[in-house]
Structure formats: structure tokens, C-alpha cells
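Taking the form predicted on its own, here's one chain by itself in C-alpha cells.
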């Protein structure tokens, strides 16, 4: 065989690929998966087009945890109903079951491992972050629990509308099977397949031929997280000041009402102006609650940035393993050439040993050559397989990244426009209050 250099082995990962359909995960063997379930997950149709899904309420419960200690926790009611039953006007009661937040976490961890090339939707925050100081950060606070309920429903709708994730059997059972769902998840062995953080970190620093697109995507995800974090901090400060401005109007209302009590001719006008100010001050709670809704939409994409990085880390790991296999193959071919010619091209302990203790016998050399030939054949097959896996990962991941970018642009555009409309409406209300106050003063 001819001498092989580093150019002999192609390290795939920097090539553009045409869009292709993502294949479904069909390797899960799950008991209790009926023909009706298969119909619900019909090929090419996301589950959301077949099933109505909602997280309708949250409930606080008390129980014992894994170490037999009393704890208070929140459960969420998931309701599902076939879309066909709704369109046909049937009034059948929806199927329902309760899930804890930790079960949502288990589902998402399973999806991350099973579909590493997918930008998996994030869960809402477990504890409140980037909140203005008047808002409770307690994870049992009713307002926070309600916002998290909305976030969990949004997570399920995101997964159910995804062309790949929605067809996963474990996700379907999460929605429909109450007892034994956790056992089914653990039986898939997904935890053993999860890449360790240390392994991923090692690949990040040692990969020699990174895909520029994924490097840029990782930098973008870091910048997206930084920008949205700053935006949320600014919004929290603005909310504090806005709260103060509205409460000042409450002080205006109190002063005008007290003043009206000592005036005869001016009394009615002052009292009416005071009522306008009080109503304006009282509206701040509804406004800030609406602001929190927009903040939660931004937070979703703050956490999406970690999903993007997870896709990039997996690519780096696949690329690194491919490079290691290619390098090992090159090394094996070089060893074969040295044995065949009897020349050592690089310094090695083996070469020094041969000089000190003499050359190997022809029989020993032939035996080693035979072993090396077998290892080279195995190495070439491994590199070929690794190339194909890297090829497929890059293709599938980039299809989903393009889908995510389109979704992100549309969602953030709508959220920012709605936020601007809310601010304009809020300012108009303030102008109207002072216009009404001016009319009250004019009538005095």
C-alpha cells in the first residue's frame, strides 16, 4: 500500500448539505403503545395537529421525598383531547394526569440525549430570576406558579408541534400514561448515553478542525444570552421606577381628596381629579403583570441559548472522536510502513529498543504486520462510519437550526411589537388621566 498522510482521511463537518427529512426515533420499545397511539403519531403530521394539549391548572401538595422528609411541592394538570372529537362537536371529557416539574425535567433530559441534533425547547425557570424588587421570588408564590404553568404548557406545545420530537413515544406516554411513566423512561437507558460534561469540555479544547458555522453559532448563543440578560435587567429597573411613578399618582389622589374636604367651590373638581389619580395608580399591578408575560417570552430565548450550545457541544464531540479515529489510522499505517521497510521515521521508544537489543525476527515482524493490517481495516471502517455519522449529524442539526432561527425571529418580533404597543397604550392612559384632571381643574 502507498504511504498515507493526514490528507488521506477526510474529516467531514465543514460541508454544506441540502435539506433532508429528519428521521423519527423508532428504536424505542415501549409497552402499552396502542394502534390508536400510532395513529395519533401519523408519519409527517406533528402531534399537535392530532391532539389538543393544555396545562390547565396547578395544585400545591404535601408529601414525603426520597429521604422520607416532608416537603411541599406543586403539580400541574395536563389535559389532552383528540382534535377529531373537537371538530366533530363531541363533548367528551379530556384525558388528564398530574405531573411535577421534576418530571418535565426528566422528559427534557431524555429528549436532549435522544435527539442531540435538535434545539430542544427549554423549560420555564424553576426559581424566579430578573424580577423587580416588589415581585416575590418565592417559587411557591401563586403568581410565579401561574406563570410557570403557562411556561410548561408552552414547552409541551413547542415539543408537540415539532416535526421530530412530537413523534417520540416517550413524549406521547408523558401526556397519556400516568403510572409507570418514569420506569419506561429509565428503561430506555438514555442516562448511560448522556455525554459527560468533562468529555464534552475536552472535545471543545482539543478538536483541530472545528466547523466554522458551529463556532459562530456558539458565539451567537453566548451573545444572545448576554443581550437578553441585560435587557431583562434593564426591564426590571424600569419596572421599579414605573411602580414608583404610579404610586406617586396615588399620593396625588390622596392629597387632592384631602384638599377637597376644606374647599367649597373647588371641592368637587379636586375630588374628581383625585379619583382619576387613584384609578391610574391602581392600574399599575395589571400593567406590571402584563410586563412579566413579555419578560417570560424573552426568558424562553435566554434559556434557548443553552439548547443551541448543547447542539454545538455534541458536534464538537463527534468531530473530535472522528479526528481521533483518523489520527489513529494514520499512526497505524505509519507503523506498518516502518515494519515493512525496517526504517523508523520518527523518534520512538520502540526504535531505541531495536537499536539497543537488535532487530526483530522475520516471523515476529510478519505477525505484527498481520495484526496491524487487521487494525488498519478496522480503523478504515471506523473512520468511514464516523464520517457518515458526522455527515448525518451536521445535516440534521443544521435543518433544525434553520427552523429555530425562523421561529426565533418571528416570536421575538411579535413579543417586542406587543411590548411597544403596551408601552404606547400605557402612555396614552397617563395622558388621558392628566387630560381628565385638567378638565376637572377647569370646571372649578
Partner chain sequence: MESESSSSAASVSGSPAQTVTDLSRHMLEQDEDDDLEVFSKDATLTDASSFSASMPMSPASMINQYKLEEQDIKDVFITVDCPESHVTSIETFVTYRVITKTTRSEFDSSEYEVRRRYQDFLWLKGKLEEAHPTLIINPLPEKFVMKGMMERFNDGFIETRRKALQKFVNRIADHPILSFNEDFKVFLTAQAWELVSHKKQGPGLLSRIGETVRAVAASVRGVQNRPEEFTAMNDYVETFGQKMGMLDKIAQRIVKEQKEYLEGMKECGPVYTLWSGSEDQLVEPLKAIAGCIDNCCKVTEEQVAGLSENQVPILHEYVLCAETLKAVLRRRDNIQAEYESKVDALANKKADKENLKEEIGRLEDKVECANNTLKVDWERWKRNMQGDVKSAFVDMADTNMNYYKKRLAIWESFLTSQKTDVHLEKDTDS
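Numbering follows the first chain given and starts at 1. Because the structure is predicted, anything quoted here is derived from the model rather than measured. Rigid core here is just the name for the largest C-alpha set that superposes within 1.5 Å across the two forms.
The next section is about a form of this same protein that is not shown, the form predicted in complex with the partner chain.
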Which listed residue (303, 98, 294, 73) meets the criterion of a heavy atom within 4.5 Å of the partner chain in the predicted complex?
294
Exactly one residue in 245, 371, 324, 194 has a non-hydrogen atom within 4.5 Å of the partner chain in the predicted complex; which is it?
245
Answer for residue 337 alone: is it within 4.5 Å of the partner chain in the predicted complex, judged on heavy atom distances?
no
Answer yes if any heavy atom of residue 165 is within 4.5 Å of a heavy atom of the partner chain in the predicted complex; otherwise answer no.
no
Is it the case that residue 249, even though its partner is missing from this view, gets within 4.5 Å of the partner chain in the predicted complex, heavy atoms only?
yes
So, in the predicted complex, is residue 127 in contact with the partner chain at a 4.5 angstroms heavy atom limit?
no
Spot the stretch among 107-115, 75-83, 236-244, 170-178 with residues whose non-hydrogen atoms come within 4.5 Å of the partner chain in the predicted complex.
236-244
Partner contacts in the predicted complex for 407-438 (non-hydrogen atom within 4.5 angstroms of the partner chain)
408, 409, 410, 412, 413, 414, 416, 417, 419, 420, 421, 423, 424, 426, 427, 428, 430, 431, 434, 435, 438
State yes or no: after fitting on the rigid core, is the Cα displacement of residue 121 between this form and the one not shown at least 2 Å?
no
Is it true that residue 270 shifts between this form and the one not shown by 2 Å or more at the Cα, once the core is aligned?
yes
